[in-house]
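As structure tokens, one chain now follows by itself in the form predicted on its own.
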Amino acid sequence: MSISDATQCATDLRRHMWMAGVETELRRLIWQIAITGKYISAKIHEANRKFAGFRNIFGEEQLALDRTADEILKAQLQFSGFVREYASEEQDSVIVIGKGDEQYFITADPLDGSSLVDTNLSIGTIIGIHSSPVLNEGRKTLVAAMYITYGPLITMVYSAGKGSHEFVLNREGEYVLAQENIVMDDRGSIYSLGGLRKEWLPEHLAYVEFLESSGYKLRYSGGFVPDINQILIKKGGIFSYPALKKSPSGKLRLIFELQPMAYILEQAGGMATDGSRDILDIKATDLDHRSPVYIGSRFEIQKAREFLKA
């Protein structure tokens, strides 16, 4: 379904989740987080207008944006009535925001890639929705995941265990269906790689050289959300932030970034691994748990495992 067709039939987010059989409380929670993305987007645009031409002080505004996005999310979830605990990249510990009998536990990267705001590149929000405390294996606790991309269009991708679906925010402020049940190809043609080449381990370097010799095209923005979104919407490819010589655990955080994205891509037929284990099978030991990651279509992930095992 094209964006224009989706707009004409006005299949909005709430109706889509209802027709997909997503349970009532989860449906309301996903919708509320999606709407919260509109408030965060407004703050991003406000900051860009306010600080246009003042690059020397933009770093302070970047930190303020991170905190503001976190506060907006926390406040909205606190009064939702559905969330018991909130864990955020901006917080040092899990925060109890409910009364103790709420059904869901939330993980959030409120503003992933905020350092890209002043260069006008896309950034995003990543959310994991769990049915039990988050320091566990994602496959055991996640019941839904979503991310919002703030770019030329504001888009939202969500999965509640019944496929992965893309919505676009239209001029009327409604999320309308752009793609339903996204299915990734078994093999893609783009790759997106983090970390300095001189810090790569030999096995990873050999894998990258295989991709290069096979004609893969480099597509890397430096933002996790836009890079994953590109692979998902293009229906194939590989994103990797590998183990490095000085950082054997990589850079990206397991519960805030990797688990939600792994959940969404698996629901679209993709895969995510640290090189040997599926990302969703790794048990988080603390909020700062980090892991190498290879995430994308099946051929590229299986090939990465072959090279890393060697």
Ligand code: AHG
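Quick note: we count residues from 1 along the sequence shown, nothing fancier. Computed from a predicted model, the values in this text were never measured in an experiment.
The same protein also exists as the form predicted together with this ligand; that form is not shown, yet it is the one meant from here on.
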| request: Please run the contact check for F239 against this ligand in the predicted complex: heavy atoms, 4.5 angstroms, yes or no? | output: yes
| task | Consider L111 of the chain shown here, and say whether it contacts this ligand in the predicted complex, taking contact as heavy atoms within 4.5 Å. | result | yes
| Exercise: F224 in contact with this ligand in the predicted complex, heavy atom 4.5 Å | yes
| Is there a heavy atom of K251 no more than 4.5 Å from a heavy atom of this ligand in the predicted complex? | yes
| said: Between this ligand and E89, Y220 and E257, in the predicted complex, does every residue show a non-hydrogen atom at 4.5 Å or closer? | reply: yes
| request: Name the stretch, out of 275-283, 38-46, 261-269, 239-247, where some heavy atom lies within 4.5 Å of this ligand in the predicted complex. | output: 239-247
